[in-house]
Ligand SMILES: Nc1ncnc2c1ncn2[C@@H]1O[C@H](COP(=O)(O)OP(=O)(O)OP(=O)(O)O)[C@@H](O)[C@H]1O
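A single chain comes next, written as structure tokens; it is the form predicted alone.
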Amino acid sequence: MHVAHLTLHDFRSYADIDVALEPGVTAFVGSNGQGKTNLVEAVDYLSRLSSHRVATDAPLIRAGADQAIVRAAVVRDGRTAVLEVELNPGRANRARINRSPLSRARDLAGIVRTVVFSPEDLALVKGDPGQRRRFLDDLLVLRTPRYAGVLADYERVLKQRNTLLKTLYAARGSSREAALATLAVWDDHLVATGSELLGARRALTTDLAPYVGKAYEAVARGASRDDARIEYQATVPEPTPEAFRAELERRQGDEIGRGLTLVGPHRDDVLLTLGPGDDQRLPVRGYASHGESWSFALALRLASYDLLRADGDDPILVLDDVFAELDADRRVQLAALVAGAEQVLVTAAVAADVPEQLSGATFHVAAGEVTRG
């Protein structure tokens, strides 16, 4: 899979731009703030319908514009499809394939598959649990796009249930009884969608684990594939709807008191550990050195790439300003591991940051202008 043409309209710093791309390595080189990351961010947006840099779509719209358009000609197995998404802050986004509108924008997710390496990846191991949940969910949707709908349904149910819990705290008498009856209905919805998401995340973590160990061995000096482990930590003791419902009942008083849903996938975490044996294993967060943390972050991305390839696809790799964050050895190791991908998109402040193993087409980016080098 590769992007053969990228067109942006009012996306980030670009009013209108068209860039023809090729398989292999393409580097976008330019000083910070010139717009090189905006180009690869657009490709990744088509994959996940979200940005790896910001939480909402509003910052993606060029100042003064009402909407933005990202369009790409994508080649897969010799066939070309034109994918397009129209970003409308405050309103529903729209998506098209070969100019035919889709009923929901989220139906575009997962058609293009990307794996992004960026400086923000350090937050996967050092940040809060939300970063790791998002990592799993993004990969889950890339492997099985229908989970975009499951995630959306779960977020909707969670929001409604939290609103009801806030009203329950102050409710009395018959109004409280009515609210508790309504809560039971939302519990049913939460258990149904949450159990499906919980099961999918657990299965994904199991599938990903051996690839994480293998990737960590490849990027960390002197490591073995048994050193790095990944384990799903759920707020529900057993991965069944019955256990989910029982935990909700057990925590109901706490939830009403706090006005929050305290049980479910939105409260789960992914435990990342390092160590040569179970008795010497420690969490990466809080114990790993800066170098070990970077190696683990790289391993998570490489493992994602390898897992998607094992599924029978070759994702587009995006290396967004990542080489500037790595020492010389890790630069060479990472470059060697990804050089064989069908398409690799690299951003760098200076051409010297791009390892020789990733030589290919070069575009210079300055003041919103993109020129072939």
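Just so we're clear, the structure is a prediction, and the values are computed from it rather than from any experiment. In case it trips you up, residue 1 is the first one in the sequence shown, and so on.
The form predicted in complex with the named molecule exists for this protein as well; it is not shown, and the discussion that follows is about that form.
### Query
Of the listed stretches (325 to 333, 44 to 52, 27 to 35, 305 to 313), which one has a non-hydrogen atom within 4.5 Å of the named molecule in the model of the complex?
Every other range fails; the passing one is 27 to 35.
#### Entry: L180, P239 and E242 each touching the named molecule in the model of the complex (heavy atom, 4.5 Å)
Result no, not one residue of the spot touches the named molecule.
### Task
Answer with yes or no whether G340 is in contact with the named molecule in the model of the complex, where contact means some heavy atom within 4.5 Å.
G340: no contact with the named molecule in the model of the complex.
### Query
Is there a heavy atom of I69 no more than 4.5 Å from a heavy atom of the named molecule in the model of the complex?
Result no; I69 lies far from the named molecule in the model of the complex.
### Query
Quick one: is T362 in contact with the named molecule in the model of the complex, heavy atoms, 4.5 Å cut-off?
Judged by the heavy-atom cut-off of 4.5 Å, T362 is well away from the named molecule in the model of the complex.
### Message
With a cut-off of 4.5 Å between heavy atoms, is Q357 one of the residues that contacts the named molecule in the model of the complex?
### Response
No, Q357 sits far enough from the named molecule in the model of the complex that none of its heavy atoms falls within 4.5 Å.
### Query
Taking heavy atoms and a 4.5 Å limit, what residues of 4 to 24 are near the named molecule in the model of the complex?
Heavy-atom contacts to the named molecule in the model of the complex: R12, S13.
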